[in-house]
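Only one chain is included here, represented as structure tokens and corresponding to the form predicted on its own.
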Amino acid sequence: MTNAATATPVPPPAVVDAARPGESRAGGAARPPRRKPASRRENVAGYGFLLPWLVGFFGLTVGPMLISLYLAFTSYNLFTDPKFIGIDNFVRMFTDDPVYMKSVGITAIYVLVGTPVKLAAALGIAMLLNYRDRGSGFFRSAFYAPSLIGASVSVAIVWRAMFANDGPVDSGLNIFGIELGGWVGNVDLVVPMMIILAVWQFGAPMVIFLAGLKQIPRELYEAAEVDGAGAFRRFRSVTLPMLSPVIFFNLLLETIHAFQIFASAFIISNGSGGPGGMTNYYTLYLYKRAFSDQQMGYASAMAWVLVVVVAIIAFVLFRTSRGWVHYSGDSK
């Protein structure tokens, strides 16, 4: 008879690791999932397609920006080696360059006046197109066309001819007894002319506004009408709040775009920034400093000031948007 106390202990069965990859095993940490060969090939293919963009981004954007940042602290004229001068370019910009300060003022007027008027025109036309569908495709294309060609050299030349002395606009105003003597050479009228040119290119924000208007539920307008709200009250209480994300998007883009005005000012003034420096916008003055006066260091400093200003304005817009932009599902 066999004694159970003295019997040879039976070794425990071998533990079979049945845990699947990535699952926690008893007494051990989770094993990372083994990457399949097919997944690696997909990643390699993705990075391969991404490589041209990365080369362009670092070679044509990041690299020149870093070089420009260095040149902003130097005196450089393209023909001699850059000479490090510290912050002299920035000090000179704000204390010893009245033309620079005037270009800042002209650009600020253009941005502060042109951008709201352009957005108002875009919103008004978008609401008209949203109100009636018949022929909206044609009118949508017709209003959007100036945005495609508005920055071209040919349009700037035509615009200068239209507003020149004895041009179509001047001749048309003369019929009504308004003699302005042309807008292009008039110090007081050239800025409004440039703003009109900018407003004329409202097609891109108009299309975005129209898409936003299509997304507003009709039930909200019907409920407002039942409550006795008029057209203006429906616009103020329904349209503007529901369209506020689109308004913010267009405001941000158009503000940044307005700071970049160059081609039209260059063509209309023949690159001089006249008359009286009233078309000498920031980017045009920067260009003249860089390529006419060959002051690359000073122009680089101007470029970085513009970058910082635009970044600050974008930051302020994002911060203030919390108070007036309403998103779907927002609890506020």
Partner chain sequence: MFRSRRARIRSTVTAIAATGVLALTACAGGSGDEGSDGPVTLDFAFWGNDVRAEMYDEAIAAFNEEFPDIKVNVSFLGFPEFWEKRQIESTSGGLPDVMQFDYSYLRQYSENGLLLDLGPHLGEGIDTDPIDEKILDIGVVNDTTYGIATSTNAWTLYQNPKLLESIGAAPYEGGGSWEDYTDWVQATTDAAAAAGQPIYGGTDFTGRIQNFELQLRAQGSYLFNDDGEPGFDEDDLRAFWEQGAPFREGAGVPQQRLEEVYPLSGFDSAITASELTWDNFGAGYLGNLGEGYTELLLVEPPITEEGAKDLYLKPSMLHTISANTEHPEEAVELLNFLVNAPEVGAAFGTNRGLPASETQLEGVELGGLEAQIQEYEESISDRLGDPPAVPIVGYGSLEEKFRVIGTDLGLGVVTVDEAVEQFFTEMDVVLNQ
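Every value quoted in this text rests on a predicted model; they were computed, and no experiment measured them. Numbering follows the first chain given and starts at 1.
Just so it is clear, the following notes concern the form predicted together with its partner chain, a form of the same protein that is not shown.
Chemist: May I ask whether Leu66, Tyr221 and Thr239 each come within 4.5 Å of its partner chain in the predicted bound form, counting any non-hydrogen atom?
Modeler: No, none of the three is in contact.
Chemist: Heavy atoms within 4.5 Å of its partner chain in the predicted bound form: which stretch in 206-214, 252-260, 179-187, 137-145 meets that?
Modeler: Of the options given, it is 179-187.
Chemist: Among Ile157, Val99, Leu173, Val113, which has any heavy atom within 4.5 Å of its partner chain in the predicted bound form?
Modeler: It is Val99 that has a heavy atom within 4.5 Å of the partner.
Chemist: Give a yes or no for Trp304: in the predicted bound form, does one of its heavy atoms lie within 4.5 Å of a heavy atom belonging to its partner chain?
Modeler: No, Trp304 stays farther than 4.5 Å from its partner chain in the predicted bound form.
Chemist: Might Ser244 be said to contact its partner chain in the predicted bound form, defining contact as any heavy atom within 4.5 Å?
Modeler: No - in the predicted bound form, heavy atoms of Ser244 and its partner chain never come within 4.5 Å of each other.
Chemist: Is Phe232 close to its partner chain in the predicted bound form, meaning a heavy atom pair under 4.5 Å apart or at it?
Modeler: Contact check for Phe232: no, nothing within 4.5 Å of its partner chain in the predicted bound form.
Chemist: May I ask you to state whether Gln295 is within 4.5 Å of its partner chain in the predicted bound form, using heavy atom distances?
Modeler: Result yes; Gln295 sits at the interface with its partner chain in the predicted bound form.
Chemist: Residue by residue through 71-91, tell me which have a non-hydrogen atom within 4.5 angstroms of its partner chain in the predicted bound form.
Modeler: Contacting residues: Ser75, Tyr76, Asn77, Leu78, Phe79, Thr80, Lys83.
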